[in-house]
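We've got the same protein chain twice here, in two forms, each standing alone as structure tokens: structure 1 and structure 2.
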Structure 1
Amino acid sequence: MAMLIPLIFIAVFAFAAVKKVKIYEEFSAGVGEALKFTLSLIPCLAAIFMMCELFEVSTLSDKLTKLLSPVFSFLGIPAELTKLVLIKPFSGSGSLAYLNEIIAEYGADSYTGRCACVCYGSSETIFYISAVYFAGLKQKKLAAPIAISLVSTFLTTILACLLCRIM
């Protein structure tokens, strides 16, 4: 599996060489596009990160976690996963930190650890994606797509915890 990505690079470089593409110039030009793209993301990133930090410091995230844990347990989601599930739609790096914590505390092969892994791997940073994808476009009505994605992710979380029990 680890071979796959080097193989893709070899194939593309070889094909480009055959087609007489100026590889160095074009590769650098692509990196230039990446730089412009990254810079265009920073305002969004900064605003979202500031919001997340503030949410954390305000202890609202802890209160919400405590409030929702019983509901989650009732639906078969281990209470330890509450924070991970809540943070994931906003922040990939934030939720990755929680995933690390859960694995360190309960072990990668424990039920809780496996649940956390499947939940993390089968969900996305919904709010972050919506901000980045539609940045700079005219106002879109995104409430329905965002709500659908959130509901679907939540149902998937329940399914993931169920699957980890039987698989």
Structure 2
Amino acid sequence: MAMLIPLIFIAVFAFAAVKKVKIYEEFSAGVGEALKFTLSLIPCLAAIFMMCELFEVSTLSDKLTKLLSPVFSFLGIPAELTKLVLIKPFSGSGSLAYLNEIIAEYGADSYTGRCACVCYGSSETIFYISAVYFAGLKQKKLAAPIAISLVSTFLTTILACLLCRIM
């Protein structure tokens, strides 16, 4: 298995040599395009990081947590997961910190800990991924894809907690 990646590289280089592709020039051109793409990501990522920090510093996250906890409990999501569910679409590392707090307080084998682990593992940082995927587009129509992603993430969170309750 350790030889898989080197073998893939050798196969690609051999194929390129057979097709008479100038490997170094093509590689350099690809790196140049990747650098341009990376630079185009910086404003999007900066905005997301600032939104995450403002969400926490403004105490909006605490207020939303208190407001939504009863609703989440009604839907079968433990109230202790409210902050995790709210922060996960914005920040992977922030939600990992909440996951660690939940596991430390309730234990990994508790219902709350299992729900937290499944919810964390089965969702994605939607706004970060959207920034990466849509950074290169000239027309950025993000509302529908982000709304669909958020709704599907919320529905899978409800389903995940239901499955953790059953199992």
Partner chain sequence: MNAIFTGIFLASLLAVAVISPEGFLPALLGGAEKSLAMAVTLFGIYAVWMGLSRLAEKSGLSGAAAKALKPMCGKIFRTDNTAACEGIAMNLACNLLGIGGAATPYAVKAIGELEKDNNSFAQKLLFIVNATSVQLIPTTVIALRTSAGSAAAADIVLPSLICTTFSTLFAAIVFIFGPKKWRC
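Think of the rigid core as the biggest set of C-alphas that the two forms share within 1.5 Å after superposition. All of these numbers come straight from a predicted model, not from anything done at the bench. Here, a residue number simply tells you its place in the sequence of structure 1, counted from 1.
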- Message: Pick the form predicted in complex with the partner chain out of these two and give me its number.
- Response: 1
- Would you say whether Gly113 and Leu162 lie in a single rigid part, where the chain moves as two parts between the two structures? yes
- Query: What turn in degrees does the smaller rigid part make against its larger partner between the two structures?
  - Reply: 28
- Query: Core-aligned, what's the Cα displacement of Ile8 between the two structures in Å?
  - Reply: 9.6
- Item | Backbone CA shift between the two structures, Ala47, after core fitting (angstrom) | 2.8
